[in-house]
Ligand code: PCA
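Shown here is one chain on its own, the form predicted alone, set out as C-alpha cells.
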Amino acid sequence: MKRTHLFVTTLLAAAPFIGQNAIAAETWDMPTAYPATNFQTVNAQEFAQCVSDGTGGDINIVIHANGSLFKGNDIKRAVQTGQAQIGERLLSSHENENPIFGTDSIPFLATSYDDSVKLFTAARPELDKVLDAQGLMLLYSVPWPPQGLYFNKDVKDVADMNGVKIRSYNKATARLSELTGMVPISIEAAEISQALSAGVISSLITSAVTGQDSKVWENLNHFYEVKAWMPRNAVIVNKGSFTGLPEKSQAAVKDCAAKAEVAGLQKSKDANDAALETLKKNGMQVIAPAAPFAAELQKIGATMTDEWVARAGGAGASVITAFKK
C-alpha cells in the first residue's frame, strides 16, 4: 500500500510539469510544391529536423511534399490564414500582389549564385516589410539554379518560339512568353510531366533540376542555358504562430533557418551540376543559345526590367541601387 501511495503521490506531483510539456509541444504542417527528392524539399526536411532537435521536440514540423497538402499556388494563402503554420513558396508567383515579390525574376539581372545572394540581401528589407503587413515572416530563402529554355526542336531565334505553348509560373514567365510570341499556360511544378505528355504545353522555362524532376527528356530534347534569372523559394511562417512560441524556441527556429539558407545554397549548386549531367545522359542537348538568339533575349529582358522598375516604384529602385553598389 505504501508503495502504491508513493507512486500516486509522485505522479500527481509531476502532473503540472507533464501538462506544461504537452501544451508546449506543437506540430506544424509545412506544405511544399516539389517532390520529396528535390533539393529544396530535402533542405526543408533537414530544417524541420534541426527545429525538432533545437527545441527539444517542442516543435515538430511535418513536411507535405509535391503539393500533397496544398497546391503550390495555395500555399502562401494557407500560411496567411493559419491553415498551415509554415510553408515553402516561390514568392515570384505572387508578384501580382506586390512587385517586390518578383525581384528575383528580373531578367538577366542576377544570373550567378553570388549575384543571387547579393540581390536577395538587397531585397530582404523590403520583402520583410511586405510580408509583415500580410501577417507573415520570412525565415529563409534558397535560389533555384539559373532558368533555361526547354523545347522539342532546335531554336535559332525568337521567331522560332512563336506560337509555342509554354509553362508559365509567374509574371516574368508570362510576360516573356508574350514578348516572344509564345502562349503562356499556368502549370504548377507537380503537373509538368502530365502537361507535357498531354500536349498541354511543349516548352518550359525552368531549371535543370525541375527538368530532371519532371523527366522532360520523355517529351523534349533541347535545353538552352539562357540563364534568364534565378528565382528563389522562401520558407514563410505565420507571424502569430511564430510569436506565440517561447523566446527560446523562436531563437532555435531562427538559428535553424540561418543554417538552412547556407546549406540550401550549396545544395542548389550541387543539384544543378548533377541535373545537367542527367539531362545529357538522357539524350537532351544542353547548349548555349546562339549569339543572335541571346541578343534578342537580352533586348526583351531590358524591356521587362524597365517595366518592373516602373511597377515597383521607389521600393524597387532602392533594391536595384543597393544591389548595384
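Residue positions are given as counts along the sequence shown, with the first one as 1. The shown structure was predicted, so the numbers you read here are calculated from the model rather than taken from an experiment.
Below, we refer to the form predicted together with the ligand, which is not included among the displayed structures.
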Open item on the list: Among the candidate stretches 118 to 126, 235 to 243, 78 to 86, 144 to 152, which one is within 4.5 Å of the ligand in the predicted bound form when only heavy atoms are counted?
Closed with: 144 to 152
Task: 34, 90 and 169 each touching the ligand in the predicted bound form (heavy atom, 4.5 Å) - done: yes
- [ ] May I ask you to state whether residue 189 is within 4.5 Å of the ligand in the predicted bound form, using heavy atom distances?
- [x] yes
Open item on the list: I'd like to check something about residue 207: if you look in the predicted bound form, is any of its heavy atoms closer than or equal to 4.5 Å to a heavy atom of the ligand?
Closed with: yes
Open item on the list: Taking any heavy atom pair closer than or equal to 4.5 Å as contact, tell me whether residue 102 reaches the ligand in the predicted bound form.
Closed with: no
Task: Heavy atom within 4.5 Å of the ligand in the predicted bound form - qualifying residues of 217 to 252 - done: 231
